[in-house]
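Two forms of the same protein chain are encoded below as structure tokens; each is given separately, as structure 1 and structure 2.
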Structure 1
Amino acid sequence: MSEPGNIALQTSNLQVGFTTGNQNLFLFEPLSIQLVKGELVCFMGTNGIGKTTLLKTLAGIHIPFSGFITRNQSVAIVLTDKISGSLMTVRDLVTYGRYPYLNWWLTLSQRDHELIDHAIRLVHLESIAGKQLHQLSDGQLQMAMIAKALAQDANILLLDEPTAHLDLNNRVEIMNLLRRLARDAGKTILVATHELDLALQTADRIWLATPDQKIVTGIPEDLVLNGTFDQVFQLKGFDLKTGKIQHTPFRKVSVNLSGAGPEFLWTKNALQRNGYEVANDATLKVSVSSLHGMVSFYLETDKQTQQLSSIEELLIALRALTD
């Protein structure tokens, strides 16, 4: 448990859901969970389980059926809604983060300008602050939306699928940004996401919504090792404990592989993907070595040793021996 002074947000017996007709639909059992200052938390679960509704409830947009939310700090939320007004600039969009605090004449103070500039710097958008939104990539637009939330000067950020529909490079950039904001800027960040691989590598804590309407919390590594992720997602053909797709050794040939570093790991990946079993007691031996940036592969049988310069050459030589 966290020290009381470190808790940024907590709920007590919170019942979340919505009303259809005359019937209340409860999405989760009564929730008593918390967010800790300076942590990046990834909120995960299957589609339609209620992640967005819970985020909106924590932000005060959606009214809970019962229970309490205690916030020690202000909250900003970033949803996946489409932006209208694509002719506005990045700076214009970030400025909207200050609008809730402006007077009737919408006059920006010196403090407002400072917070806008600070938000743009935090997200490293200085070079594109004058660009119009229609000129941005999807990743840049998402960064601008995060900067808008930061301009509100809120210490708790709630984000709904901030990496949806982005390529790998942009997904990694945004998750690293959120990690940095939590660690260096002291923000408390809750992200609803489907990015299992990135969540496991960046999140301080996971909220995992289960089919029986519970939310299990814990650090990523514990939830992997105790099988909670497997129970929720029922991963098919993917070994979460190793982070790799499970390959069937369809060639019925074993290879004794030795080496170190990324060259070893990618050679092992290629061998398993191509149907070879990697086993320490195999008589067919492959060794990988790297010297001054040059990688060499040695294929050894009881008759000869071949030196090869690429994994592709190694696979060709193996097939010639075993097929």
Structure 2
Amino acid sequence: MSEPGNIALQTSNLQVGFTTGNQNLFLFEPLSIQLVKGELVCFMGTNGIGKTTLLKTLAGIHIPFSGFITRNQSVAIVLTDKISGSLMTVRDLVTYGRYPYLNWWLTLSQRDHELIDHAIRLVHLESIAGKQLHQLSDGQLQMAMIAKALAQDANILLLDEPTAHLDLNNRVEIMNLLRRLARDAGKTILVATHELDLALQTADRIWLATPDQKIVTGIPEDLVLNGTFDQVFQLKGFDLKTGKIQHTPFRKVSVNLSGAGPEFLWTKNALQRNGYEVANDATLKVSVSSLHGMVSFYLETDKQTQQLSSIEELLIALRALTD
């Protein structure tokens, strides 16, 4: 745990939830939890467990039943809410980030303009700053929403599933950006996300909402090794400790694979995906070699050796030998 001076946000006995009809629905046990300055925290948990409501409560836009939130710094939030005003440009949207500091006539100072430009540069949207929102892709819109939050110049950023519905490239880009902001700009960032793999590789700390309405916090690696993740997600067929999908060697054929580098790794992946077991003591030998950028695969049995030029050919040859 860290010294008190480093804490950006802290809750004590916070009771979060909402009222439906006459009933108060409590989402979590009373929470006493903290965010440390400059840390990127991923907040994980199954759908509907209350991640969004907790984020909104921490941002002060949802009122808790009881308890306290101590935060010395301003908070900017990025939600999944749909926004209207599709005729506004990316720059107009980022300008919203300055609203807390503007008068009723929305007069922008030189510094406001600079902060807006800076936010747009950080998310690499300079080339489409003049585009209207309805012309953007989902990923670009998400980046623009993040730029808006950055223009708010808040020290704490709360993001609700910023990578949902995006392709791998955009997801990695957003997580890398958040990483950079935490490390270089000293922002405190809390991201609610379902992206287990990305969270494990980027987060400084994980908040994990458990089914018994608690939030377990810790370093990602610790939570993997002590089995907390398995408890929460009840992972089916995904081996968290190796970070791979589990394959069953259904062909009952073992292959002795040798080689190096990415060629070796991807050949191994292909073999396992196709139901071969990769073992050192197998009689069937496959070796991968790369020479001057040319990759060759050799399939060796007691009787013969075949040279093949792609993994696809290798798999066909293997199937011909063993079936």
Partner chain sequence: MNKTSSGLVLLIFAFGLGALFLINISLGSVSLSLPEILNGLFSKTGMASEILWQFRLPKALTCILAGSALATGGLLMQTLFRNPMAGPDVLGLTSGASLFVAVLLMASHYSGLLLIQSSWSVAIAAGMGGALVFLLIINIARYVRDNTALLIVGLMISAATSSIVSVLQFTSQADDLQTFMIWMLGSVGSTNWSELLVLAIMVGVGLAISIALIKDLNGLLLGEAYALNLGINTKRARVIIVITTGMMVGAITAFCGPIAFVGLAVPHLVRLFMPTSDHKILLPAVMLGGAVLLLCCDILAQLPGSTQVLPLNAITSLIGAPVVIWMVIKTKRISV
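The first residue in the sequence of structure 1 is number 1, and each one after it adds one. Treat the numbers as computed from the prediction; the structure is a model and nothing was measured. Definition used throughout: the rigid core is the maximal C-alpha set that superposes within 1.5 Å between two forms.
**Student:** Given structures 1 and 2, which represents the form predicted in complex with the partner chain?
**Tutor:** Comparing the pair, one sees that structure 2 is the form predicted in complex with the partner chain and the remaining one is not.
**Student:** When the rigid core is used for the superposition, does Thr20 move between structures 1 and 2 (threshold: C-alpha shift of 2 Å or more)?
**Tutor:** Yes: Thr20 shifts by at least 2 Å between structures 1 and 2.
**Student:** If I superpose the two forms on their rigid core, does the C-alpha of Thr283 end up displaced by 2 Å or more between structures 1 and 2?
**Tutor:** No, the C-alpha position differs by under 2 Å between structures 1 and 2.
**Student:** Using a rigid core alignment, state whether the CA of Ser66 is displaced by 2 Å or more between structures 1 and 2.
**Tutor:** Ser66: C-alpha displaced by 2 Å or more between structures 1 and 2.
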